[in-house]
Structures are given as C-alpha cells and as structure tokens.
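Only one chain is shown below, in structure tokens, and it's the form predicted on its own.
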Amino acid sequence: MRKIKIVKNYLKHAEGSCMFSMGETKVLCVASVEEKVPPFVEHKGGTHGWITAEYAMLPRSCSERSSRGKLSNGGRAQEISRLIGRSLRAAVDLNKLGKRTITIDCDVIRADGGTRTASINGGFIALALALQKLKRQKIIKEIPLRDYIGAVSVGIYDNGKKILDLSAKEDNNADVDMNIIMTTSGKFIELQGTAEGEPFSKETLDKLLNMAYAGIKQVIDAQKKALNGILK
C-alpha cells in the first residue's frame, strides 16, 4: 500500500474539501451544497436529497498535456464521475439529508495510477466535512452517514505478482486490473475487474479481494484519523 496523506479544508470557501494523496497520485476533492435537488428526484415527490460527483484530470496531471475538454467531458471521465457518485450515495441516508444536493468535485492534480479510487477516498472525506458543517449550522439534525467507505486497486503484474494499490506503470502493464469499493463492515459497493491477458480463477479472485480488504482497512483507518471520530 502506498503512503496515504490527507490535508483537510484545503479550500477556504467550500463546505468540505481535502487534498488526498495515495503515493504520487494527488486529487483535490471538494464538496458543495445546494438547497435543491435534480428534476428527476423532484419529480418522484420525495423529501430525500442527492449526492453526485464530477471527475476531471488537469491537462498536465500526466506526463504529456491533454486537452482540458477531453479530460473533463470524455467517456472515461463520465464513467468515473458516476462511479464516485454511486459509491458516496451508498454511504449516506439520503432521507436524512433533506431536499438538497451535495456535489463532489474531484480534480486530479497528479496522476500515477488509482485516480478513481483516490477520488472516492478523498471524496468521502470532503462529503463528511460538508455534512458536519450542515449539522453545526443546525441545517440537519444529525450527520446522515451510514458507514465509512474506502476504495483501492489490486491486480496481477510482472508474471503473476499480486499487487495492492497499483501505480501507473503497474496498471498499464497489468495482466489483471481491479477496483474495489467497500464499507467498514466489509460489504461491497462495487467491483470492477478485467483480465487484460489470461483469464483468472476464482481462487485468484479471492486472494485479490482479501488484499483489497486489507488495503481498504488502511484507507478507512486514515479517514477515521483525519475525521476525528465524526462517525462512531
């Protein structure tokens, strides 16, 4: 597992923010609160809120410059945005949020593999800080977090070596590449796994999942330390 570093309240004006680093990967995660919900939520007639996310990479977050529009509007960015939103919604009781939307912006400052997992991990911290501020302002009665969530990549690289938290070099040359999102209690939110070369067995899958569980425990321990017991 690469070193995790968390800097809370990185932006002055946001309801919640942090700079989240896993190794050389660095993502700025920012939570913004709006007192409204999307039309598709409004039309259902409920009183629950919504959590969504937007993911983008800065043009020089990688070794060569890429177009800003391509990085923020392409299919990969949209897919990762939806993944982050789904993951964070699983951590929150939306009925207790009220009719408001929290948007999590995840901007990759420096990319060295695992940008989507780092975005989820940092996005959770930004979200929790925003919810804490809403409670402190007496806008909500309680912090509606169900559980901590963490994400990590695992894979097979270099002739069968099982790797936790892949760097870009390992990711780009992996025979198997997986992203796992879980709760503190060990329940899965999402699994994304692909055999880039030879298919892999259930036995290999079980070993990779066990590695991911151990890695996610380290992520959540770091989140708990940063959030100082926001969720008992």
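Residue indices: 1-based, along the sequence shown. These numbers were taken from a predicted model, which means no experiment stands behind them.
Separately, the form predicted in complex with another copy of the chain exists; it is not shown, and the next lines address it.
Trainee: Using a 4.5 Å heavy atom cut-off, which residue among Lys99, Lys135, Lys162, Arg82 comes into contact with another copy of the chain in the predicted bound form?
Mentor: Of Lys99, Lys135, Lys162, Arg82, the residue with a heavy atom within 4.5 Å of another copy of the chain in the predicted bound form is Arg82.
Trainee: Residue-level contact is defined here as any heavy atom of the residue lying within 4.5 Å of another copy of the chain in the predicted bound form; does Glu24 satisfy this criterion?
Mentor: It does: once another copy of the chain is placed as it appears in the predicted bound form, Glu24 has a heavy atom within 4.5 Å of it.
Trainee: Would Asp171 show up as a contact with another copy of the chain in the predicted bound form if we use heavy atoms at 4.5 Å?
Mentor: Outside the cut-off, so no.
Trainee: Since only the chain is shown here, I'm wondering whether Leu166 would be in contact with another copy of the chain in the predicted bound form (any heavy atom pair within 4.5 Å).
Mentor: So Leu166 does not count as contacting another copy of the chain.
Trainee: Residue-level question: is Lys44 within 4.5 Å of another copy of the chain in the predicted bound form, judged on heavy atoms?
Mentor: Lys44: no contact with another copy of the chain in the predicted bound form.
Trainee: For the chain seen here without its partner, which of 151-159, 103-111, 137-145, 121-129 has a heavy atom within 4.5 Å of another copy of the chain in the predicted bound form?
Mentor: After filtering at 4.5 Å, what remains is 103-111.
Trainee: Does the trio Leu11, Ser61 and Gln192 actually contact another copy of the chain in the predicted bound form, every residue with a heavy atom within 4.5 Å?
Mentor: The answer is yes: all three residues contact the partner (heavy atom, 4.5 Å cut-off).
Trainee: Taking heavy atoms and a 4.5 Å limit, what residues of 196-223 are near another copy of the chain in the predicted bound form?
Mentor: In sequence order, Gly197, Pro199, Phe200, Ser201, Lys202, Leu205, Asp206, Leu209 come within 4.5 Å of the partner.
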